[in-house]
Structure formats: structure tokens, C-alpha cells
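As C-alpha cells, one chain now follows by itself in the form predicted alone.
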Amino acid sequence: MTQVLQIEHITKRYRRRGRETVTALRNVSLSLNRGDLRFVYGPSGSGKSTLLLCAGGLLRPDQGVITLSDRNPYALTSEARSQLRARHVGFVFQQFHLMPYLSVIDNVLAPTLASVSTDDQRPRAEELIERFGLVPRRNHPPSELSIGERQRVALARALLHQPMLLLADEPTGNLDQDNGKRVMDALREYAAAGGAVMIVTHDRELRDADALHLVDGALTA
């Protein structure tokens, strides 16, 4: 198996103004190979989102080492780290981060809008929109979408480039049962096709036998 992500003994602390230091992650280690679908379960405030940000090269840990595609993103320049993320990492955030002035199709294509590859990726964008039941909303801006529809647009955008690593923060948290199943089926199929997928969630229904449990920043099996 080809290793995609290795997290070794990372710790992350936040210093809050006028308050004591909060330790969000405590000596966390895990790895993902191609084909892995890994759930990290934990209550709100347990450090799940911090773990995803560190894993994806967006938040530098205070201690420990992260290796992504055989490179430590935090040993790279800011520009090189951004390029590494753009090529190899897809994010699905709880807040969606959709562009309010773009339509559904252009939000899905957003990672390519500054390049010459937009037309090359358009057929895949259309395929993803159809897969997630968004065709009727294709030309609508985010303000005209339900929360669940926004979540599906964010997932389609993350899958556009077929990243080596997909990091999802509560990907079914805003979806009804049918759409939640559609999203989870897509994530499982993506892993089965060779992607590495890490999902953080507080939803007990999503846990499997190999799920890791994050409590107060510490990871247990």
C-alpha cells in the first residue's frame, strides 16, 4: 500500500487572550494509505477540526511531524505548501466556503478558474453535479441553496481534481438520510478507487469498527 499521510506525535496549542493555553491535540499519531477510509469520532471541542487542518497543511502543529505525499508541508515555503495542497488535498469544511457570487457549476469549478484547465474539468464537474442531485440548481448561487445542497456542492468541488487525500469535516451533518447515504457512498467509492479519505464526525451512526476516538485532543482506538 502507498502511504499518503503520516502524522507523528503532533501537539497543537492555542493561546487565548486573557485566558490559559488550550491544548487542542495531544501527541496524536495516525497514518492513511491509498484506499483507506478512516473515521475519527469525537464530541464537539475534542480537536477534530484542528486535526484536519494540521493534516491538510493549513495549520502548523507545535510539535510532531506530518508527512503528506512524502513531504513535510510545514518544511516548505508558503507557496510550495499551497501548491502541494492544490495538487493532492481536497477539503470539505463544515462552513462550506462557497463563493457567494458564483453559480453551483462555477463553485465546483472554482479550483480551476484561475488556470487554463477549466474546460478540461467541466465534464467531470457536470458529472459530479448530476451525481449529487444538483442539476436543477446548476446555475443558482449559494444564497438560493439549502444547507444540504451547499454541503453537496462543497463535496463536488473537493472531488473535482480527484485528490490523493480527502479530508471531510462532518460531511453528512447537514443532510437528510437519503442525501447522507449518497454522500457516504461517494466517499466509500472514492476510497475504494484508491483515494485516502479521513472523516471527522460526532455522528455515532457513521462510526465503523476501525474508527478512532478523539477525546480532549488525545486519540484512542
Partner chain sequence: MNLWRLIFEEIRYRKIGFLLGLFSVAAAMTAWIGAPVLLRAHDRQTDIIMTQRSRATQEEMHRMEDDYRLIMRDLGYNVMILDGDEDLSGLRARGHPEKTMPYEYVERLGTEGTETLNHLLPVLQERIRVEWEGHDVEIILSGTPGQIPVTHRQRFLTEDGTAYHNPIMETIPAGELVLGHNIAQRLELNAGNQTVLLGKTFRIRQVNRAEGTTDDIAVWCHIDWVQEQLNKPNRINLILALECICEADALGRIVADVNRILPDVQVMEFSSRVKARAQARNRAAAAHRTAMESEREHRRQTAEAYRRFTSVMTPLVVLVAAIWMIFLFLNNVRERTIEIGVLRAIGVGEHTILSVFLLKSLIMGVIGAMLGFVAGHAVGAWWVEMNLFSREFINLVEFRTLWIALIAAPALCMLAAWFPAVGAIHRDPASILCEE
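All of these numbers come straight from a predicted model, not from anything done at the bench. Positions refer to the first chain, counted from 1.
Below, we refer to the form predicted together with its partner chain, which is not included among the displayed structures.
For its partner chain in the predicted bound form, the listed stretch (37-45, 187-195, 55-63, 172-180) containing residues with heavy atoms inside 4.5 Å is 55-63.
Though its partner chain is absent from this view, in the predicted bound form it lies within 4.5 Å of a heavy atom of just one residue from 76, 147, 135, 86, which is 86. Using a 4.5 angstroms threshold between heavy atoms, residue 102 counts as touching its partner chain in the predicted bound form.
None of the heavy atoms of residue 126 is located within 4.5 Å of its partner chain in the predicted bound form.
Contact annotation for residue 140: none of its heavy atoms lies within 4.5 Å of its partner chain in the predicted bound form. In the predicted bound form, its partner chain sits beyond 4.5 Å of every heavy atom of residue 71. Shown here without its partner chain, the chain has 91, 93, 95, 97, 99, 100, 101, 102, 106, 109, 110 in 87-110 lying with a heavy atom within 4.5 Å of that partner in the predicted bound form.
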